[in-house]
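One chain is shown next in C-alpha cells, namely the form predicted alone.
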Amino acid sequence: MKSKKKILVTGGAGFIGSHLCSRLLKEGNEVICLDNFFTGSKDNVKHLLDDTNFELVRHDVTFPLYVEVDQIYNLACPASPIHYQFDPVQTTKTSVHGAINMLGLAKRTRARILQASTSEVYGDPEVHPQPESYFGKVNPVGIRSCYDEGKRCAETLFFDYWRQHKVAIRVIRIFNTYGPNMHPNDGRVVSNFIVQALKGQDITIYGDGSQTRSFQYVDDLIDGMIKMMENQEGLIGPVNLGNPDEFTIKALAEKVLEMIPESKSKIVYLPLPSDDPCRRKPDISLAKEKLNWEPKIKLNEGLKKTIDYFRAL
C-alpha cells in the first residue's frame, strides 16, 4: 500500500493538470489544485469537488503560497500560442516568478517538485529527433519567446535550486499532447482541426502542411509524469515525454476528416507564423531506459476519444 501524500498541482484545472489531479486522487492522495482560471476551467475538475481529499484554490503562482505539502507538480502557465501571446509579460512572469515561488515552497517544506517544461525549449531544432542533451535553437526576441525563454529560465532555476539548496527536483519536457479537457479555442492543432471539422468550417493549415509534430495522448503523459516524480534512481532530468510517432500536419488534418465522415470541411492553407518549428520529434530513449516508460495509445485511438469529448461539448 502506497503512503498517502499531500500533493500540490499548480495549473491543476487546466487540460493536463485536471487529468493529473484525477489520477493522483485515484491513487489515494490528498490533492490541492491551484489555478487562477486564466486558461484552466472549473468544469475540468467539477467531478472532483465532492472528494474530501480534493481542495480547489484560486491563486496565481506569481504570488507566494504557504501550504504544507509532500510533492509539487508545477504546471501553471498558458501553453498555447493564442493564450501565451495574449499577455506575453504575464506569461514570462508565470514561468519565472512561478518557478521561484514554487521552488521556495519546496525548499521550505522539503517537498519534491516536478517542473512541466516543454519541447519548445528546443525551438526550431537543427537536431532530429531531439535528445535532452540538445541545447536548442531559440529566438530570444520573437513573439513565442515569452513562453520558450520563460520555460528555459524556469529549468535554469530548478537546476540552480538543486545545486545551491539541495531541493529535490524533477524536470520533464512535454511534447505535443492532446485529449479530453482541451480548451476548444486554444489554437492548438488537434483541437483546432477537430472543432473545425465538427462545425463544418474550413480546416486551416499554416504553411504547406509538411511540418511535422509528434502527438501523445494525455493518459500516456500522466503515466510518465508520475513515474518521473516517483523514480528513486535519483533521475532529475530533463527527460523528454512525448510520442516518437511523427506525422505531418497535413496528414493529421486528413485523418481528422476521415474520422468525422459527416464533415463538409475543406483544407485551406494560410501563411506560417514566425518561429514555428518545422520538425518536432522526441528522442525518448532516456525515459524508456530509466523510467520504463513509452506511450501506448496510438493516434487513432486517442483521436477517437478526443473527438467524442468535443462532440459532447
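Note that residue numbering follows the sequence shown and begins at 1. No experiment lies behind these values; they were computed from the predicted model shown.
Just so you know, the form predicted in complex with a small molecule exists too; it's not on screen, but the next bit is about it.
Looking at 154-162, 112-120, 135-143, 229-237, the stretch with residues near the small molecule in the predicted bound form, meaning non-hydrogen atoms within 4.5 angstroms, turns out to be 112-120. Interface residue remark: Asp70 is not counted as part of the site for the small molecule in the predicted bound form, having no heavy atom within 4.5 Å. At a distance threshold of 4.5 angstroms between non-hydrogen atoms, Pro282 is out of contact with the small molecule in the predicted bound form. The closest non-hydrogen atom of Gly150 lies beyond 4.5 Å of the small molecule in the predicted bound form. Proximity of Gly17 to the small molecule in the predicted bound form: non-hydrogen atoms within 4.5 Å are present.
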